[in-house]
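Take a look at this one chain, the form predicted on its own, written out in structure tokens.
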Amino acid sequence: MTVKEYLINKMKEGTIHMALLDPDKQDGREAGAIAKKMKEAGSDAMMIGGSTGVTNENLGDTARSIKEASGLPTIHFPGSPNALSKEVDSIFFMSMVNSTSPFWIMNAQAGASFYIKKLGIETISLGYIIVEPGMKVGEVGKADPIKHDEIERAVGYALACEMFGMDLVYLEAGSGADRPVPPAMISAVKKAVSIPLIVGGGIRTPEAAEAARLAGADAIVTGTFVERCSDDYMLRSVVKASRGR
């Protein structure tokens, strides 16, 4: 079974939770320990990536450690085309569709495509939509973030992603955001598209996770929260609220 098939099958059962770890924030040993803890909490998959500081070496080390410690599928969530590893199970082959730079919309992907094919990494196409505040990823990707009241604009980008044939669409408020994507925007996008919807950024409480799930998110991603939270009960609570089960 491919990672894409695994994710789609899981989403048919209900909203899934994916934890995101930045290889530049902890070594492989610590990443493995976190992944084991997240699997026990109920996470369905592990994403690996960051906006800066990711290398072939720390990406591969993190992927290996996560798989050995948890057995969960690993998905590279690339912050640039400069780091790739055959150790990951798959990669979100993503376009930041509301970037103001052609580099992040298509040029980076074209440059990396040869190496991804050579390494034999499974690709999962993804339309990446940055919502305010956008944080570091929006800054690095030169995004024109969608404001919280620009719901029609968000729907337009999401529909375009589906019409381009992308597998998934992702509404991203940015790692460490003080405000998550508003439920009204999630709901409007979910009603407009037939491809799965991922939501992430600024989700650090059970209430925020539940709000995203009830609004229609098919997958909820938590990253900074997972890396910083030392309260296992809170971790489990956020994952449970994300999945609703």
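Numbering starts at 1 and runs along the sequence shown. Note that the structure is predicted; figures quoted are calculated from it, not measured.
There is also a form predicted together with SN-glycerol-1-phosphate; it is not shown, and the following applies to it.
- Relative to SN-glycerol-1-phosphate in the predicted complex, residues Asn98, Pro133 and Tyr157 are all farther than 4.5 Å at every heavy atom.
- This chain appears without its partner; in the predicted complex, the one residue of Pro73, Gly127, Gly141, Gly174 with a heavy atom within 4.5 Å of SN-glycerol-1-phosphate is Gly174.
- Among residues of the shown chain, Thr224 is one whose heavy atoms approach SN-glycerol-1-phosphate to within 4.5 Å in the predicted complex.
- Met46 falls outside the set of residues with a heavy atom inside 4.5 Å of SN-glycerol-1-phosphate in the predicted complex.
- When SN-glycerol-1-phosphate is considered in the predicted complex, Ala217 lies well away from it, no heavy atom lying within 4.5 Å.
- Proximity of Ile66 to SN-glycerol-1-phosphate in the predicted complex: non-hydrogen atoms within 4.5 Å are absent; the residue sits far from the partner.
- With the partner left out here, SN-glycerol-1-phosphate still marks one of 52-60, 195-203, 182-190, 28-36 in the predicted complex; by a 4.5 Å heavy atom cut-off that stretch is 195-203.
- Applying a 4.5 Å heavy atom cutoff to SN-glycerol-1-phosphate in the predicted complex picks out Phe77 as the lone residue from 57-93.
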